Structure formats: C-alpha cells, structure tokens
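There is one chain below, alone, in structure tokens, taken in the form predicted alone.
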Amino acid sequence: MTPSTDIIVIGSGIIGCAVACELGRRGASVRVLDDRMAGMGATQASAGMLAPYNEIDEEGAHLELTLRALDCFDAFMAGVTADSGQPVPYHRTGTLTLAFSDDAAARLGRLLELMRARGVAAQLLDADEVRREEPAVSPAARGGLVIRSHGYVAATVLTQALVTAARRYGVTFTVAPRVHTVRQHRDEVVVDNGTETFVAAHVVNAAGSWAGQVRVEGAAVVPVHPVRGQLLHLKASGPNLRRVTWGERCYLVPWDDGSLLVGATVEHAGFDERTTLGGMRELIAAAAATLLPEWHATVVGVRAGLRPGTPDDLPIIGPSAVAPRVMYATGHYRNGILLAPITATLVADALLGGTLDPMLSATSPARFGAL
C-alpha cells in the first residue's frame, strides 16, 4: 500500500490534469493515476474548440455551464502558461457557422435571437458576405453566423502544459494498471488497481469513458458510455480558412501552420479506439461538401478518441451521495476542453473550500440514483 495523499485523481485526460493542477496550486498533495500517459485518450483526438453556442442552442444548465467556462478561459490560459512556462496555441478568432438549407438558416436565426437576448455579439451573413468572410467556403452555402467570442486551443499542448504546471506544484503522475475499485473507509478512501492499493483522503473519478468501470463500493455504476470520434488532420496546399468553420456535416479548425482539423464522427463502437476507413471517408466527404471544389490539401493523418457521454448529455460533476469522499468529474462528451477550467474550479472549491456551487445541483451524480 502506498503512503497516503490528500487527493487521488483517477484519469489523466484534460479534465483530470486540469483538476490535479488546480488542487496542487491550492496546496493539496495530489497523485494522478492512469494506465497511459497524460492526454493520450479522447484529448489527443480533440480539435480543442471553444464554441458553446455551436454545441448548445437553447437555454438550460448545459448552456450556463459552457458559457461560464468560456468566460474564464482567458484567465485560465494565462495561469497555465505562466505556471508551466510553456506557450500554448490559443485563439479567440471566432467561428463561422454555415447554412446550406432553409432549415439550417432558420436555426441560425433562432440562435441569433438567443444571443442577442444575452447581449452576445454575433453577425448574420448572406451568401455573398459568407464568401467575403471565408473565400474557401463552398458556393452552396446560403448564409452564415459569425460568433466572435468563440475560439480554439491546442488540446494536447494544453494538457502537457497542465502536467508541467501540476508537477511544479508537487502533483505526482503515476502510470499503473487501470483502477477498478474504490472503497471509502471512515476518513480515508482506498483505491485498488489489482496490483497496488493507494490511500487518500479524497478521490476524484475523472476517468472519462472508463468512469463506469471504476466501481465505488456500495454505489451504482456511473452511467457514462464511450462515443468514438475520429478527427482528420489535413495540410492546406494554399490559403487556409481564417477561423473555425462549422458546416452541416463537420467542423473545420485551421491552425497557424496551415493545418486543418476536420471532425468529428459520432460512433457508438464501444471501447474500440481504432481509426477506420469509413470514418476517414465520412470526414473527407463532409469537408468536400463544405469547401470549394478547388480547395486542395494533403492528408497528414487521422486520430480517434472515446468521448464520455451521459444519458442527458450533461457532465457528471459532484460528490457521491454513497461515498462522500469520492467526487465525480466525468461525462463531458464533446466539451471536455471547454469545460476543463470550470470543472477544476468546481471540484477544488468543493474538496478544499467546502463550497458546493449551485451549478452542481444540475451536474450532480445523484440525478442517476445511488451514486
């Protein structure tokens, strides 16, 4: 049995690393456990988009959570880069959402009304304005919506910066067999991976798609399921897009080096993390439908990751009702990068400050029973 620590974080994706870094920054002793190196799960197949209005276009807890996350991202990035000493590509150059049909155009109109009601700057474009804004877009686009507060970040680089910053705060990262059992006993929690046991005052389950395989003694299984997403990496042969662009079948994220990320498939393939020819074909066809026929690029590669979904599409963040020393931070699905800073703050406030943010009532694991 290893010596005890204040907090064990299970999982070293973007959520686990952000949580561990924030806990370490506030003075806790933290150990992160995972069966692979940090950021090698769903995070490495993420395009890093920061675009809440493109994912959620109606009022509710999910929109509130993502907007809070976006509001704190500038400060979060400033802290990570200062603490790690590593530059992280991060741009708030906005998004352009395209409409290729009447229904899609009507949706953009409704989204514009929602944003105006919230005082958020957005601009509805006609077909000619779309092509002036993004000359590489297909002439089939009937219109578009520019949301200037959106952006993107290099997810893998950000994760590595979080690891560096966390280590400077004394956080330990341990690569070990996957944790399968967590047991609360009085004022401590025992974590078992089949070959070793670890002891801590608190545990955070940030295991992503594998969160349900971490059994908390006496609790129901957390309802997280894997959704495979494949991401295509292209290199533009000429001028790249100017900003993140959403078609009706894909999104496109341009990087400063001329790369273009095209994502992402939505596949219920269980725990299969392999890339497929079918996934690549789907993404190529979607990109071709969004861009000019004469826009050329070479294929750099394709990546796949398993995004953790939940039955209601909201993440699961909050303490276990059965084992109060166990905290959940999982189920972020397509918004793990965006929600990393707010998740880290919510978890750290609860564990170290004893403060349960009102938002945790919506993300509580208790909504799924005896968790």
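In case it trips you up, residue 1 is the first one in the sequence shown, and so on. Since this is a predicted model, take the numbers as computed values, not measurements.
Just so you know, the form predicted together with a small molecule exists too; it's not on screen, but the next bit is about it.
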| item | value |
| --- | --- |
| Stretch from 134-142, 83-91, 201-209, 235-243 whose residues place a heavy atom within 4.5 Å of the small molecule in the predicted bound form | 201-209 |
| Selected contact from Ile337, Met327, Val30, Ile316, since only one has a non-hydrogen atom within 4.5 angstroms of the small molecule in the predicted bound form | Ile337 |
| Contact test in the predicted bound form: Gly229 vs the small molecule, heavy atoms, 4.5 Å | yes |
| 4.5 angstroms heavy atom contact with the small molecule in the predicted bound form for Ser320 | no |
| Asp35, heavy atom within 4.5 angstroms of the small molecule in the predicted bound form | yes |
| Arg178 within 4.5 Å of the small molecule in the predicted bound form, heavy atoms | yes |
